[in-house]
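The data below hold one chain only, encoded as structure tokens and taken in the form predicted alone.
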Amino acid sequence: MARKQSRFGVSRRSFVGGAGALSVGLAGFPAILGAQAKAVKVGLIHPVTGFVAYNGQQSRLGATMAIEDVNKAGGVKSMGGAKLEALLGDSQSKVEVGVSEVEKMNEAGASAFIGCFQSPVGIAATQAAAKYNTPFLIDVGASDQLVRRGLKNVFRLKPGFGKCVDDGIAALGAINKGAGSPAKSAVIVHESGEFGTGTAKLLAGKLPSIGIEAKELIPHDNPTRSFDNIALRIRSMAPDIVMMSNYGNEYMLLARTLFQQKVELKGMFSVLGGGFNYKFVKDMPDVSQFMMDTNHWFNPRSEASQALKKRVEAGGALFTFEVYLSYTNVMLLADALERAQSADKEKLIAALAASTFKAELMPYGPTKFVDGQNEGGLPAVMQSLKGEIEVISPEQFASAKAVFPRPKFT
């Protein structure tokens, strides 16, 4: 577990020394010093090393920014201004390490956890946290198994792959129908873990409802260094659409391989495509052009989201979905602490379960948790157009109209 850094730019030793000197000057005010609220420790578990390290680092960025914002605004006011204290953990993309981080942070006094980006890690880590009845907020994690095991300590604000598939398929059907229904077949390429396999099976089951046949589901390992053979298989099957559900590196590599081999398609459509972000469309505008993704996205019409986007970019980072999802989950936790007026785990779980938190950064409806899943969470459908990411659905948040089918290679 990474060493926690001071939020005030001073070392622990110098702070303790300064505090000692300060106590002499305030010896006449013991009541004031005794009333200082105890910090609430929040365990942040993300893969900041390993094959999805970038995503984990982005999650940590969003969470720590939110913790700093809560503290700068006066902390948890109903708890006497209690500050949030980050316990930083690295799952290393490994299930057993994620569980180990839960155990370490429990010993350190964690009142709640936020994580874990990868569904398999999240499934194991939440189970470990359940032993201690510690609230666990899923910031990024697509599998619906995260909230279908009857664990009362688990809460997911965002939609899982079931909701994302349903909304994505409906949007694809409308786009295809609006273009005269040129797409009749698809090949689904997915990572072989719980996230990709679960999403792919759902997609294959739903595609016939919009008149599209799933010709084949093609799994791949993590990491995968080459998609040349898979690209050849796709070319031989000649599908109208390639659908993808995988993590960032593989997502971008597959897209680049299909582009370089000039595999003709009417479109590329992903659900929870890990690589569909600003980095991808800025670094590879030609490759990403016209690609569509159903995923978590910020509300482009929200002043708060635009302000946070500017702050993140001013710091040299990209405003990826990990940033604002993790940021929002810290704010959800802070809101629950405010209403619970305590870090007591039973009270905190009850406050989360009854939450009506307004996720103002996201294109969501009212928050309502049912068995730990927020029923108000909504995915968006985006398209890469001229090096920008545009929202094309839902209509009330749309910034552009879909371009489909995509033009052929020249």
Partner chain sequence: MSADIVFAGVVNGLMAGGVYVLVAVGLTLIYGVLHIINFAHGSLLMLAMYAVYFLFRKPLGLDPYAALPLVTAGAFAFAYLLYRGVIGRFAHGKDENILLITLGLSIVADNAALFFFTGDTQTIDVSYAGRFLQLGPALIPLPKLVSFLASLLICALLGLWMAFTDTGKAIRAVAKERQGARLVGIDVENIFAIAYGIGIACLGAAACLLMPFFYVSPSSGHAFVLIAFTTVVLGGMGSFAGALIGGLLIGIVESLGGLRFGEQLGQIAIPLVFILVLLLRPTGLFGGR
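From a predicted model like this one, the values you see are computed outputs, not experimental measurements. Residue numbers count along the first chain shown, from 1.
The following text describes the form predicted in complex with its partner chain, which does not appear among the structures shown.
Do residue 369 and its partner chain come within 4.5 Å of each other in the model of the complex, heavy atoms counted?
So residue 369 does not count as contacting its partner chain.
4.5 Å heavy atom contact, residue 53 to its partner chain in the model of the complex:
Answer yes; at least one heavy atom of residue 53 falls within 4.5 Å of its partner chain in the model of the complex.
Does the 4.5 Å heavy atom contact test between residue 252 and its partner chain in the model of the complex come out positive?
Yes, contact at 4.5 Å.
Contact flag, residue 72 vs its partner chain in the model of the complex, heavy atom cut 4.5 Å
No - in the model of the complex, heavy atoms of residue 72 and its partner chain never come within 4.5 Å of each other.
Of these, 375 to 383, 343 to 351, 358 to 366, 43 to 51, which stretch puts a heavy atom within 4.5 angstroms of its partner chain in the model of the complex?
Selected range: 43 to 51.
In the model of the complex, which of the listed residues (219, 81, 178, 211) lies with a heavy atom within 4.5 Å of its partner chain?
Checked against the cut-off, the match is 219.
Out of 310, 235, 77, 184, which one falls within 4.5 Å of its partner chain in the model of the complex, going by heavy atoms?
The option sitting close enough to the partner is 235.
Within 4.5 Å of its partner chain in the model of the complex, do we find a heavy atom from each of 305, 387 and 390?
None of them does, since no heavy atom lies within 4.5 Å of the partner.
For 209 to 228: residues with a non-hydrogen atom within 4.5 angstroms of its partner chain in the model of the complex?
Residues within 4.5 Å: 218, 219, 220, 221, 223, 224, 225, 226, 228.
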